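This document opens with one chain alone, in structure tokens, the form predicted alone.
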């Protein structure tokens, strides 16, 4: 009877109901957030994880600008079906230098976290120019303009690297000073392919049987 009375009080008092919802939600949030604050694997790069160079970083920005992350995730979950299709599941240390994260959950297209080195540069170029030329059933749009735009026009690469350096990315002064020169003569298509070709390549095969890390 008391429980019923309390339930009626909550239903009739909007402010109290909102407070109760927020209180319960905050407990759930703390249970999820607090452990991650003390989990060093989330901020410690794996053995072969490195920062993106100037070309790869530009390619990543183009990838985001064109909305590739909307259809393609970059997080292979530790599920048998995904590991068999895409490769070893993603480790948290592989994403230390990813800002923003591009994990995603909507797999309209295949997960791309282990795409690096799987196909040739020519395959990627053909795929981006005419997806159905290599994957007949593909619903992906074509991106012909990428081969016409210079990579240097994609943004201020030096300023971008300076900001990331201030956030802890280990770029040297030489990396930043030589960034613009690294983009000279390259198209946005070439920069994007460079980015795709390095995805997942920091993974060490010896880690394949390592315990699952926090994600």
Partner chain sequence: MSQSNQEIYHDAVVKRLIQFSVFWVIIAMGAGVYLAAEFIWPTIDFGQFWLSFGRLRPVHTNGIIFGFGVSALMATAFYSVQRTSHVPLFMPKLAWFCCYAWQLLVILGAISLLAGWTSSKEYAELEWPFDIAIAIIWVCFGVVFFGTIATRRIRPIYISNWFYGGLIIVIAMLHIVNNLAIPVTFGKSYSLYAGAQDAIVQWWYGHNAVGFLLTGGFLGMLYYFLPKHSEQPIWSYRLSVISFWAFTYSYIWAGPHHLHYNSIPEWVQSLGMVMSLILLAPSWATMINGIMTVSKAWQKLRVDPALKFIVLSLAFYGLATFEGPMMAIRSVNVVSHFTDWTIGHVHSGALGWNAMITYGTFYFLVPKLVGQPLHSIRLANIHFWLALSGTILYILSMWAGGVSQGLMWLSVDDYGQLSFSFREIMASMTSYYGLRLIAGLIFFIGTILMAWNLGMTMRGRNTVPVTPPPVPEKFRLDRKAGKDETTIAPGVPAA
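Fair warning: this is a prediction, and the values are worked out from it, not measured in the lab. Residue numbers count along the first chain shown, from 1. Under this definition, the rigid core comprises the largest set of C-alpha atoms superposing within 1.5 Å between the forms.
Same protein, other form: the form predicted together with its partner chain, not shown, and the subject of what follows.
A.B. asks: Closest heavy atom of residue 177 to its partner chain in the predicted bound form, within 4.5 Å or not?
C.D. replies: No - in the predicted bound form, heavy atoms of residue 177 and its partner chain never come within 4.5 Å of each other.
A.B. asks: Wondering, does residue 66 line up within 4.5 Å of its partner chain in the predicted bound form on heavy atoms?
C.D. replies: Because a heavy atom of residue 66 falls inside 4.5 Å of its partner chain in the predicted bound form, the answer is yes.
A.B. asks: Since only the chain is shown here, I'm wondering whether residue 5 would be in contact with its partner chain in the predicted bound form (any heavy atom pair within 4.5 Å).
C.D. replies: Close contact is absent here: in the predicted bound form, residue 5 is far from its partner chain, nothing within 4.5 Å, heavy atoms only.
A.B. asks: Residue 190: heavy atom within 4.5 Å of its partner chain in the predicted bound form?
C.D. replies: Residue 190 lies outside the contact set for its partner chain.
A.B. asks: Counting non-hydrogen atoms within 4.5 angstroms of its partner chain in the predicted bound form, say which of 163, 181, 153, 47 makes the cut.
C.D. replies: Going through each option in turn, the one that passes is 163.
A.B. asks: Heavy atoms within 4.5 Å of its partner chain in the predicted bound form is the criterion; list the residues of 124 to 154 that meet it.
C.D. replies: Sequence-ordered list: 132, 135, 137, 138, 139, 140, 141, 142, 143, 144, 145, 149.
A.B. asks: Residue 167: CA shift of at least 2 Å between the shown form and the other one after core fit?
C.D. replies: The answer is no; the displacement is under 2 Å.
A.B. asks: Is residue 181 among the residues whose Cα moves by 2 Å or more between the shown form and the other one after superposition of the rigid core?
C.D. replies: It does not reach a 2 Å shift.
A.B. asks: With a threshold of 2 Å on the C-alpha, tell me if residue 48 counts as moved between the shown form and the other one once the core is superposed.
C.D. replies: No, the C-alpha moves less than 2 Å.
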